[in-house]
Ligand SMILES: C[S@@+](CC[C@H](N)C(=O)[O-])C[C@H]1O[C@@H](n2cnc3c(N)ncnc32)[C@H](O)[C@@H]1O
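One chain comes next, on its own, written as structure tokens: the form predicted on its own.
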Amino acid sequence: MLACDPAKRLSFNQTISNGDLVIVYEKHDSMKAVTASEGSILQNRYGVFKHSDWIGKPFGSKVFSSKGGFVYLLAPTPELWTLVLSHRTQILYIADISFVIMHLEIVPGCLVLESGTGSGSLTTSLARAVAPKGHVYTFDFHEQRAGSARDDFERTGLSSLVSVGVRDIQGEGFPDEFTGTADSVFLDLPQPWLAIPSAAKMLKQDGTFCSFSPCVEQVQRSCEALRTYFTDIRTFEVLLRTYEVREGKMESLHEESNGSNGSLPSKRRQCSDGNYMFSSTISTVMAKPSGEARGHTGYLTFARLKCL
């Protein structure tokens, strides 16, 4: 996904090579991650696609199947990876992720601690935000889930930016080796208030903290625990409303003029006052809210470590 060259400069490969991860875009709600492999094929509703035809092409290319169908070959950005990764747990999506990164003030070179790796959706974006010289240390209590996340980071080229550990942060806290070194801490835990004292210990002076919780009762208990160590405590709920923009047909009414309504095909209608109106259909671009809008995802609680 993201490659660091010897000079530690973050970059994307411009063309597809054998073994590269590719996001195959069929339509806006149908994408899949595929590793390009010489001799392999992809078969879907649009036909059979040979991987050998992909290799050497730039990301963003449109490729055709033997029967004329087509797909787009996209670079696996964190935003697209979030849409295609395996859901081992409930994940954070782009609206919450962008809000977290901005409010935690994460920039290149930061050291970030995360507990609750889950499917690695947020971790992937955190890695890009801290690159090329920063690092994300993420922990999950579930060994198999942590192992799957580690494999994903290797697959997406982020293993030099992310370290995955198996640890019960609620019960044991973060490892002592990180005391006073973290720029930011993120928690996605059932009982985040249990880990807040450890999070405060890990942060540098003026460090930032965020906790994601699906229930407001969790937020209340977390805020109580935060007051001892943190200031500027705020909770947000990010609601995203998607609009569909498409070309459609619209009926237009106009009065009769000199017995003609121009060149548009139309129907004549008699009004209640005896006059005639003409109706014609015109093409126009229309926008309307999506019928499948995502509502509540969770609550994001932010805080800043008190300066001593």
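All residue numbers refer to positions in the sequence shown, first residue = 1. Because the structure is predicted, anything quoted here is derived from the model rather than measured.
Keep in mind that the form predicted together with the named molecule is not shown, yet the notes after this line are about it.
*Heavy atom within 4.5 Å of the named molecule in the model of the complex: which of 90, 144, 231, 163?*
Of the candidates 90, 144, 231, 163, 90 is the one lying within 4.5 Å of the named molecule in the model of the complex.
*Which residue, 198, 222, 213, 121, has a heavy atom that falls within 4.5 Å of the named molecule in the model of the complex?*
For this set of options, the contacting one is 121.
*Looking at 189-197, 128-136, 231-239, 69-77, which one sits within 4.5 Å of the named molecule in the model of the complex if you count heavy atoms only?*
So the stretch in question is 189-197.
*asked:* Taking the named molecule as it sits in the model of the complex, is residue 100 in contact with it (heavy atom to heavy atom, 4.5 Å or less)?
replied: Contact with the named molecule, no.
*Would you check, heavy atoms only and a 4.5 Å threshold, whether residue 170 touches the named molecule in the model of the complex?*
Residue 170: contacts the named molecule in the model of the complex.
*Should residue 207 be classed as touching the named molecule in the model of the complex when contacts are defined as heavy atoms within 4.5 Å?*
The answer is no: residue 207 has no heavy atom within 4.5 Å of the named molecule.
*Is residue 184 close to the named molecule in the model of the complex, meaning a heavy atom pair under 4.5 Å apart or at it?*
Residue 184: no contact with the named molecule in the model of the complex.
*Which residues within 97-120 place at least one heavy atom within 4.5 Å of the named molecule in the model of the complex?*
114, 115, 116, 117, 118, 119, 120, in sequence order.
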